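Quick heads-up: it's one chain on its own, the form predicted on its own, in structure tokens.
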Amino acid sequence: MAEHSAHRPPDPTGIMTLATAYWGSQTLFAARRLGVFEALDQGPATAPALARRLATGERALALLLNACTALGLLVKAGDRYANAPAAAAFLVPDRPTYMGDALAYGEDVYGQWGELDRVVREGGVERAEGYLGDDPERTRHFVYGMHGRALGVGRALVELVDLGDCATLLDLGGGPGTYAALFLQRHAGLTATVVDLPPIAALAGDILDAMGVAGRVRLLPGDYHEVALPAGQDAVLISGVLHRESPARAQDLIARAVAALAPGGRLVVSDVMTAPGDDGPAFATLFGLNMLLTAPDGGVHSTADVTGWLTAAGLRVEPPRPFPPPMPHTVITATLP
């Protein structure tokens, strides 16, 4: 038996799965754009009835609905389709857990993945994509997509990091303030300063209002590498930021964060990171490619690198802590002696 197994020919299944993986993502994107999940939130429907409601071709929609069913997005009873529980929770607009903006961001960068060979050949992209301000619609997709994602990541982060003894928090690259707002909701005595680029900060007001913390957050629009940072902070947060930075610029940002800390203050770094050796986990390595495609210095750093940078900056560093599955993030907390 062992000899037979040793001579078994290689299995191409994994390669074919990778080659057609985009079929599933485009099925999801198309169903969202057509309004399938929103329409089925009103109740189960047949393909002909749904085609009339969505103004699509009946046969074509049936093929899409059957694919969505096979992918676990829909359930089918007889000839009637309905949202699966995950679709009902995350793909119906106006639900608090709606992920539509995050999916829209995924659609925005989809075409760039087709340029991966060129970008690798040329060593990276020359400038950030339009979602950082050039294109208002893409910027909104990016900001609200990251807000939706940050709500999930941030709720885990506030369980892993206790800022109950802190009065001030500086959030560098904090987007619309989602992470800071979650910490403020947890700790009534905390105030925050959020630094991000002006087009992103401009969209923060409604989000902070909705989260009930607008009066406790100061927005500081600007480049976190250049803007004057407030000193004497009890805590500084760098969450989902280092993957946009080269190693040199990441270390520069850490140095600026340390300079803003009060003695005994904490620097919290949260991000998708690779394991030492940089060749896994798979999501982290693919995330690094996504950042290569969308930011001039984009990539992914290892837990060993980040720990080394924090130590070199004079901080006392705690061991990296992974987020609970399925979130692929890691948090590293370090204290200024």
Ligand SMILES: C[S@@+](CC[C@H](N)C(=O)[O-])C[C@H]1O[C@@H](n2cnc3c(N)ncnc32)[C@H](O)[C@@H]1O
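Computed from a predicted model, the values in this text were never measured in an experiment. Don't overthink the numbering: it's just position in the shown sequence, from 1.
Keep in mind that the form predicted in complex with the named molecule is not shown, yet the notes after this line are about it.
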query	finding
Residue 224, heavy atom within 4.5 angstroms of the named molecule in the predicted bound form	yes
The named molecule contact in the predicted bound form: residue 240, any heavy atom under 4.5 Å	yes
Contact flag, residue 146 vs the named molecule in the predicted bound form, heavy atom cut 4.5 Å	yes
The named molecule contact at residue 197 in the predicted bound form, heavy atom, 4.5 Å	yes
Per-stretch contact check against the named molecule in the predicted bound form, the hit in 171-179, 107-115, 69-77, 158-166 (non-hydrogen atom, 4.5 angstroms)	171-179
All of 142, 150 and 244 within 4.5 Å of the named molecule in the predicted bound form, heavy atom check	yes
Stretch 280-315: residues contacting the named molecule in the predicted bound form, 4.5 Å heavy atom cut-off	none
